[in-house]
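Form predicted alone, single chain, as structure tokens, below.
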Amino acid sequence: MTAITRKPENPTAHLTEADIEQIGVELDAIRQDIVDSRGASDAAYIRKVIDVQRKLELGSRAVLVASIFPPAWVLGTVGLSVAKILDNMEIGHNIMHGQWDWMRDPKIHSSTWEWDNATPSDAWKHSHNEVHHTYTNIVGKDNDLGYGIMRVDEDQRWHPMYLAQPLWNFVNACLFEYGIAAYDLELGRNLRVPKDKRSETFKRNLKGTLGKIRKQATKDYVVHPVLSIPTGSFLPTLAANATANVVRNLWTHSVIMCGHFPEGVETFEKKAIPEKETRGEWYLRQMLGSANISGSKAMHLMTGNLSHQIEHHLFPDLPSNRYAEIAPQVKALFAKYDLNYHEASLPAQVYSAWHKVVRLSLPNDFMATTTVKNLPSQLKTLYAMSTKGPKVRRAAQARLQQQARRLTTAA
């Protein structure tokens, strides 16, 4: 995968300007049909999900009070993990997108909702709704693409530090809510600014995030375990809460990686995006920069319907329970305009995304040109690229590219 404008064959080259604007017209029509038909059944759906999630969390926490007994620990931990995933994915994420604002229910509204996560909802809505959904997969603009810490495209110059990318991505997955909080704060950039010159906005946001983390940690790692002291379950309850948070983080990270990072999903260069992008052009970028996960209704629920990532990015403010309904229409539109509707099972998408993480942690064409027979010499080349200067890296990279071209020609 390379930035779409640098690919040998641009997958949109066959589209005229009129085609692109017509795609926008047809997608607007699909959206309007759902807007016009929203009603009582949709409202009942989200209220039911919230009710089930709250009862599941309360029941799981009650069971964990007796978590000194292994069956209670397993049952409570599984239940709490599922409750936290539902709270983050199908409920919090989608409510904060404004998907349910049309109900005019102040308890289920994007302006009032707060979730069980390290990031305050206002900070998340800015970085996710306003930045990520506006600049989807534009390298250098959309930090959700690699969360600003990874090499996500061949056109990004390789550096030895990227060799640690797979490890860093795994650590980030385990601590994902805190990684997102740091990303929402633009922590790296702001910490490089002298303390006395940091903006008041950053200081205010940092205070809010630390307050949110303290509140969540107090609930999970102090209050709930303390309530378990009478049964001798303090430590098991503490471990159960930590486990549920890690499970939620790993699941969320996997779902999000599958939505934008598998092989074949397109990225875009900043300079290639028009200053005033039309509705059709924006739609087209969402179509090519997203990927779906196939699966059951239960799987769709647990992903917050982000298994329909393509539909979500086209219509982020439509009720999530309607994405499955419009997916066949969207897929037919892809076929009509000869575009790739990227969809695969969860294991396939997870493998593909991690394959890309590993592939891009290495110099371009390294994996493509490495075999069992030439592995020692390839590792020697990689060592030289990692320990010597830019000139050595450039020369070695040129040799790898030549090897790759020869292999392609021979095939």
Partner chain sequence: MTSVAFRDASTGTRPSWSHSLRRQVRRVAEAAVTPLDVDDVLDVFHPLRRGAPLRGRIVAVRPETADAATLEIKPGASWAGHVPGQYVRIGIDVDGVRHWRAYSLTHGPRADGLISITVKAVPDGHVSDYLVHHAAPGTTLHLEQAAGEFVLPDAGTAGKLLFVTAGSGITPVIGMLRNLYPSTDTGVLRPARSADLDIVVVHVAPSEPSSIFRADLQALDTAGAIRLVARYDDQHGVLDVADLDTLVPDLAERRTFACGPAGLLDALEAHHAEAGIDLFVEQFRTARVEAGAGGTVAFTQGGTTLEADGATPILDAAEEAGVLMPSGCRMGICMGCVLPLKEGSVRDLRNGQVTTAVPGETDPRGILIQTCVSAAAGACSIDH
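Positions refer to the first chain, counted from 1. For clarity, every value in this text was computed on a predicted model and none was experimentally measured.
As for the form predicted in complex with the partner chain, it is not shown, yet the points below apply to it.
A.B. asks: Is the gap between His109 and the partner chain in the predicted complex 4.5 Å or less for some heavy atom pair?
C.D. replies: Looking in the predicted complex, residue contacts with the partner chain include His109, since a heavy atom lies within 4.5 Å.
A.B. asks: Can any non-hydrogen atom of Val223 be found within 4.5 angstroms of the partner chain in the predicted complex?
C.D. replies: Residue-level check for Val223: yes, a contact with the partner chain.
A.B. asks: May I ask you to state whether Arg47 is within 4.5 Å of the partner chain in the predicted complex, using heavy atom distances?
C.D. replies: Yes, Arg47 lies within 4.5 Å of the partner chain in the predicted complex.
A.B. asks: Is Asp28 part of the interface with the partner chain in the predicted complex - any heavy atom within 4.5 Å?
C.D. replies: Outside the cut-off, so no.
A.B. asks: Going by heavy atoms within 4.5 Å, which of 211-219, 228-236, 299-307, 165-173 lines up against the partner chain in the predicted complex?
C.D. replies: It is the stretch 211-219.
A.B. asks: Would you say all of Ala40, Leu58 and Arg104 touch the partner chain in the predicted complex, counting a heavy atom within 4.5 Å as a touch?
C.D. replies: Yes, all three are in contact.
A.B. asks: What is the one choice in Tyr337, Trp115, Trp73, Trp158 with a heavy atom within 4.5 Å of the partner chain in the predicted complex?
C.D. replies: In short, Trp115.
A.B. asks: Suppose contact means any heavy atom within 4.5 Å; which members of 350-378 contact the partner chain in the predicted complex?
C.D. replies: Nothing in the stretch sits within 4.5 Å of the partner.
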